[in-house]
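Only one chain is included here, represented as structure tokens and corresponding to the form predicted alone.
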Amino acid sequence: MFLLNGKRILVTGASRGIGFGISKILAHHGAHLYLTSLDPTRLEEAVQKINQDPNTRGIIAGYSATDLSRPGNGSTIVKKAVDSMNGLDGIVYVPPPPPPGFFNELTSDDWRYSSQVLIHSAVEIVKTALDSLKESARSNRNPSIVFVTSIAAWEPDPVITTSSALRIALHGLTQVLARDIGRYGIRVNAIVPGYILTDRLMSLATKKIPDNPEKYLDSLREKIPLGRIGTPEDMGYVALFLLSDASSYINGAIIPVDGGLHRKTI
């Protein structure tokens, strides 16, 4: 069963880590994808991997590298996606990683960059895509937006100060948009990765314990009820569900994907 047959979806941050894992799973289930990320070489490699994957049932309708830290580029990438796919039914916004660091280590430029990629670019993309998503809703294609946030929004960590402070805004945007544009039939949800095995997590582990990053990873595994660190594909299956018609009554949800690490009741 392919849940996304022909759904037209834009995925940012698609060349590696969580964004690539999501793109791969969506392609397995028949999506038509437009992919973007910062590094053109990595992006082309990611596209080749998906196209050569025997489980791929969708297509890469287009791809292009873009720097979402620059105002205006979010709008440009949406227009390219809409032109390439003759419309748009979904967006997965995977932000570029903000610079890690303790508060005193971060510069004003670090804060400006982080706010641009974590919130301003997301707003720009949704604004530009809104007319296309409304048309998708009118055509009964059940459009859906998925924001990828971070467990740092719930459990701030001083080693990733900007992420901890600013990803909260994406949670707020998720629920505001769900209540606002939900009236057009556009659903908006967020998925909150816990510890997912990516280059970003390895970088954090090295920063935490420079001489033995694996020790830090083991300490994380001990905290997680399922006893393992997640994979990008774990994120992909949740995004798949939220983009599919199977989740047609889920709107404004903020869903942890963390093996049970998250302890909040509200």
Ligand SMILES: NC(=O)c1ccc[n+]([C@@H]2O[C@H](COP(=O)([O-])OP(=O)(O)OC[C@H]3O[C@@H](n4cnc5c(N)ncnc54)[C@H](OP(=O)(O)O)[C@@H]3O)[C@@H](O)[C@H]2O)c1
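Computed from a prediction, not measured in an experiment: that's the story for all the values here. In case it trips you up, residue 1 is the first one in the sequence shown, and so on.
Although it is not shown, the form predicted in complex with the ligand is what the next lines describe.
One stretch from 91-99, 182-190, 104-112, 76-84 that, in the predicted bound form, holds residues within 4.5 Å of the ligand by heavy atom
So the stretch in question is 91-99.
So in the predicted bound form, does R16 come within 4.5 Å of the ligand, heavy atom to heavy atom?
Output for R16 is yes: heavy atoms within 4.5 Å of the ligand.
Does S150 reach the ligand in the predicted bound form, with heavy atoms at most 4.5 Å apart?
Contact check for S150: yes, within 4.5 Å of the ligand in the predicted bound form.
Do H29 and the ligand come within 4.5 Å of each other in the predicted bound form, heavy atoms counted?
Outside the cut-off, so no.
In the predicted bound form, is there a heavy atom of the ligand that lies within 4.5 Å of any heavy atom of T198, even though the partner is absent here?
Looking in the predicted bound form, residue contacts with the ligand include T198, since a heavy atom lies within 4.5 Å.
What is the one choice in R57, R228, K223, R42 with a heavy atom within 4.5 Å of the ligand in the predicted bound form?
Contact check passes for R42.
Contact assignment for the ligand in the predicted bound form, among D218, E233, D67, D53, heavy atom within 4.5 Å:
Of D218, E233, D67, D53, the residue with a heavy atom within 4.5 Å of the ligand in the predicted bound form is D67.
Who in 23-41 is close to the ligand in the predicted bound form, meaning a heavy atom within 4.5 Å?
Sequence-ordered list: S37, L38, D39.
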